[in-house]
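In structure tokens, one chain follows: the form predicted on its own.
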């Protein structure tokens, strides 16, 4: 099932129309830098491919430079190096909502336009004239609150609308996973009164820790029915914990994100449902927006991209499988 917000689609069309009127005025070859959350994740590799497709179509150079792990300590030096190269614009997936504000302000103060993709700084509300983190031009991403709600509905359906579940998450302070948890809990509270959401387990992006946490929760709550992994590491770790506990099929697992491994995980029953984002669209619209701005056109401050829900019933459908991330 594909879900795409109406306003996100309208915003994307507006960007493309705006660019179409201004691209012909381009009198130099722009360089746009894409700084991912990490370089080794299939989500960001797929985002890069979408960005490269737009760069090729528009005749701009794309620089893809990032750290090997999702951590502000390693991302900030990469960002500093990118700023030193003075690209015409920076697209970045900030690894922390607060710790990347001042490093990105350096780019802004140097006259380099900043667009955040996938994740954001501050509240993600830009160009408002308020706060210390509203200077990026735009935020382009999935609606992660909506994605969390979709995960809640999928898990509720899988467990028959009643029972105990919990969220396996990374750590507080990451905008995307914070919002997925928020959406998940909101939908459970509003729509599924017979489901109890237990305390969130934070795993620091360690799948082994997520597996141990699943077993710990199950030891305390023998009637546990399901778990939502707010990112792939959380989901697969929890799923391995379910398998180790001998409860595959009895404790349902909903995963966020869809690298190639998710296909086998769904087919074998390790994971019951996956919520796939559309990272290629994020990268594509990021480059399009940057070029539109650089050629004197206005751009939306927010562009939302879609989701695809994957399970055993549709994973072999080409219209669904095309949203499995590249690696």
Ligand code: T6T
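Computed from a predicted structure; not experimentally measured. Positions refer to the first chain, counted from 1.
If you look for the form predicted in complex with alpha-D-tagatopyranose, you will not find it shown, but the lines that follow are about it.
*Would you please decide whether residue 232 lies within 4.5 angstroms of alpha-D-tagatopyranose in the predicted bound form, comparing each non-hydrogen atom pair?*
It does: once alpha-D-tagatopyranose is placed as it appears in the predicted bound form, residue 232 has a heavy atom within 4.5 Å of it.
_Taking any heavy atom pair closer than or equal to 4.5 Å as contact, tell me whether residue 277 reaches alpha-D-tagatopyranose in the predicted bound form._
Output for residue 277 is yes: heavy atoms within 4.5 Å of alpha-D-tagatopyranose.
_Proximity of residue 143 to alpha-D-tagatopyranose in the predicted bound form, heavy atoms at 4.5 Å_ = Result no; residue 143 lies far from alpha-D-tagatopyranose in the predicted bound form.
*Is there any non-hydrogen atom of residue 203 lying within 4.5 Å of alpha-D-tagatopyranose in the predicted bound form?*
Residue-level check for residue 203: no, no contact with alpha-D-tagatopyranose.
*So which of 75, 179, 119, 213 reaches within 4.5 angstroms of alpha-D-tagatopyranose in the predicted bound form, heavy atom to heavy atom?*
Only one listed residue qualifies here, and that residue is 119.
*Interface stretch in the predicted bound form with alpha-D-tagatopyranose - options 291-299, 55-63, 37-45, 266-274, non-hydrogen atom within 4.5 Å*: Going through the listed ranges, the match is 37-45.
_Residues within 4.5 Å of alpha-D-tagatopyranose in the predicted bound form, restricted to 48-87 and counted by heavy atom_ = Heavy-atom contacts within 4.5 Å come from 70 alone.
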